[in-house]
Structure formats: C-alpha cells, structure tokens
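First, one chain by itself in structure tokens, the form predicted alone.
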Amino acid sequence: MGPLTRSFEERLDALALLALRVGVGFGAGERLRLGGPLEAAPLVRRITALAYDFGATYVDVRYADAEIELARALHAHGETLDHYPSEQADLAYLVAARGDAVIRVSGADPDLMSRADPTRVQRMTRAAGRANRRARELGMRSFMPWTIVPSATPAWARKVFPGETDAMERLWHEIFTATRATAEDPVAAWEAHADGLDARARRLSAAGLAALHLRGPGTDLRIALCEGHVWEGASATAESDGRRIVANIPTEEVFTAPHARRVDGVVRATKPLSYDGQLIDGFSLTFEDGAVVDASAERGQAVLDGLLETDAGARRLGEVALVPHSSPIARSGRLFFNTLFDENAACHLALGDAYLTSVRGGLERPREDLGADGLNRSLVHVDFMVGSSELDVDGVHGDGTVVAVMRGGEWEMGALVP
C-alpha cells in the first residue's frame, strides 16, 4: 500500500513506530516511561501496544491533565505554589538514571495558562524545575534514550486552524507530513534525513567558526561560540548504552553552544513563543557581554520577565540553531504555536541551559571547566525563533575572516553544507 492511500490508523501506527524505533531505539527487555496530555490518548495507546509487541518489560504511562495545573494556578493558596512533591522528582531521576527509555507526547493548549496570574505560574514552574534538576540534567546530556513526538489535540488544533470545522484533521495532516509518517518506509526516510543533518553538522564543526553574526529586521546580533564547540544534528548517542536516538520528531536543525559571556546586540523574535501555556509575542532582547539587559514584548511582558528572572543563566544563551527557511515545516506556511514545530521552521536561539554534548569532551569534563569555556547553565532551556526569509548569517573565523553561512534564510556555505 502506497503512502497516499494509507488510512489515519496506519499513519498513527507509523508515528508510534517512529517514536520507538527512531526516537529511542526501543528493543526487547526494556522499560518505557511514556507521558502526554489526556487528549493524546490514541497515540499514547498505540505506542504502548507497539512497545509491548517489541518485548517491553513494562510501559509506565503518565497522563497530564493541564486543567488540573490550571486549577492549581488559579485556586491554590499562594504559600503552596513553591512546593513540588519530592517523590515525583525522585521517580523521574530513578527512571533516567536507570537508563529507561522516555517518550513525551507533545500537544498542549498554547493558551491554557493565559487565565492565570503569570507570577503564580512562574512559581510553580520554578519549583518543578528545581525539584527535577537531576533528571533534567541527565536528559540534557542524553544519558538515557529519550524523544518528543507530537499529537494533535483539540485545543492546539483550534489555535492553529481557528474557526475550521476540520481543525483536528488538518493538524494531523501537518503532523504526519512533518514527521514523515506518510513515507513508504517511515523509518528508512527518517534515517536518511537524520544522516543528512548529521553530515551538515560535521561540516560546520570542521569549518572551525569562532562566532556567528545574525542580521535581519530588528536583529543585529554577534554570538561568539563556546570554546571547543561542536555542531550537532538530528542524532544523539545515549550515554547509558551508546544507541542512536533522535530527541525531537520532527527536527530540521543543526545546533551548537554559544559562549555565554560573549553575545552582544539585539535580536527580535519572528514567531510567538508559547511558554508554560502563556504566549509571548512581538518581543526583542538586547544583549551585553552575554546577558539580556533589556527585554520588551508586545504581549506577555510579565511572562518574559519571569522567564528571565528564573536564575542568572536564564538571561544568557545556551543554544544557537540554524534551520533553512525552506524547511518542510516552514513551507507549510503555518504558525503552530508549539516549539517542537516552530523551532524547526526557523533559525532559533535558546535562553538557559546548554547541552554538554555541544562541546568536545563535555560529558567527561567537570561542569565548572565547561563554564569557564563559556557553556551556560540554568534551570530552563527555552527556544525562541529568530529566522525568516530576511535573515542573513555570517560565520566569523578567529582571524576575523567572514564567510556567508546563510542568505535570505537559506544555506550559502557551498561545499561546507551538503
């Protein structure tokens, strides 16, 4: 049966297969921790059944009900908002440290927390971030196999396709297309795609750039790259057993670590950012010596301020990622209000924590040494989009030589980029 004649059920099965085989490289005798919103139950159930077909020892499913979190943000007594159950954080760390596979299904309502006081939501977020720091740090170094995959949900579909009676169907179409679930052989298609991104990352690493210069409407930003940085593509290697994983499905980016103390200039976001169920839109950040010294937003100023105040590292960059404007997600012409999608339609930066794997020897060296080389550390890692058809990116070598990396949002590095 060809890709154009596959039923919805067959495409859902293909997405479940991709999550397990490509995302976390799942095999017999393994445990899986699987989480997602209640509305994503059809995909969660498919992943669960397939994992057991593959010989899973146990699949631990944890559904999230965002309305419950909203109820807490609206009604809980203020003094309780800084609490997070230690037993939940301990379990998350145990799962990660044991090397269990972890799959998170994404599909949250981008506007859910808009009804709540941003400062109350931020207190909840910070408490959870502090409590889960050990597990999150294992994830940031890809200690265990983990991935994130999307599922259409009614609230998300209404946001992307407002007023459309077939919003869910249309969002599922976009998801299946972006994840290559419509391919004749989805796993082979993903392996070829991941190989291409990994090859591009190797060529950028070999180029030996010392800095990037981003220029576009409202953007003139110079980003020094971390000492000993390496570019990464679609694939990562799980530290626990050396398997190949793909942490984001879909993904179209290559990325590396900026120097946390050597970023200067101004950058304007090109897409809204949904952060903790609250939208930040029309925002610009001004950097001096690596830190945000001024931040303004047309919508969500209090949310943006709260994010930047999380800790000292939240004002500095932990990632710079390059995505061509002609990526499949960008070609859809849709704004998804979901970072998993929107970050793969545009070049983006991340405030907060950096990936240890973005530096040579990052998994073996003390974190303090990496910090001296410019690797950022924070409780948060929040991507925001800066790419467009008007973005130019120059690469700067240590001797000051400049090479065009992107022009008009497209690759310009010739032999360096396949």
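Numbers follow the displayed sequence, beginning with 1. Note that the structure is a prediction, hence the values are computed from the model and not measured.
Quick note: we don't show the form predicted together with a further copy of the same chain, though the next part is all about it.
- None of the heavy atoms of T357 is located within 4.5 Å of a further copy of the same chain in the predicted bound form.
- Residue contact check for R45: one or more of its heavy atoms lie within 4.5 Å of a further copy of the same chain in the predicted bound form.
- Using a 4.5 angstroms limit between non-hydrogen atoms, D65 touches a further copy of the same chain in the predicted bound form.
- Among residues of the shown chain, E184 is not one whose heavy atoms approach a further copy of the same chain to within 4.5 Å in the predicted bound form.
- Listed residues V95, A108, A321, A194 were compared with a further copy of the same chain in the predicted bound form; V95 is the one with a heavy atom within 4.5 Å.
- Only one of the listed residues (Q88, Q301, S326, S240) places a non-hydrogen atom within 4.5 angstroms of a further copy of the same chain in the predicted bound form, and that residue is Q88.
- Against a further copy of the same chain in the predicted bound form, the set F161, T177 and A206 makes no contact: no member has a heavy atom within 4.5 Å.
- Exactly one of the stretches 71-79, 341-349, 261-269, 284-292 approaches a further copy of the same chain in the predicted bound form with heavy atoms within 4.5 Å, and it is 71-79.
- Along 48-65, a non-hydrogen atom within 4.5 Å of a further copy of the same chain in the predicted bound form is carried by T48, A49, Y52, D53, F54, G55, A56, T57, Y58, D60, V61, R62, Y63, D65, in order along the sequence.
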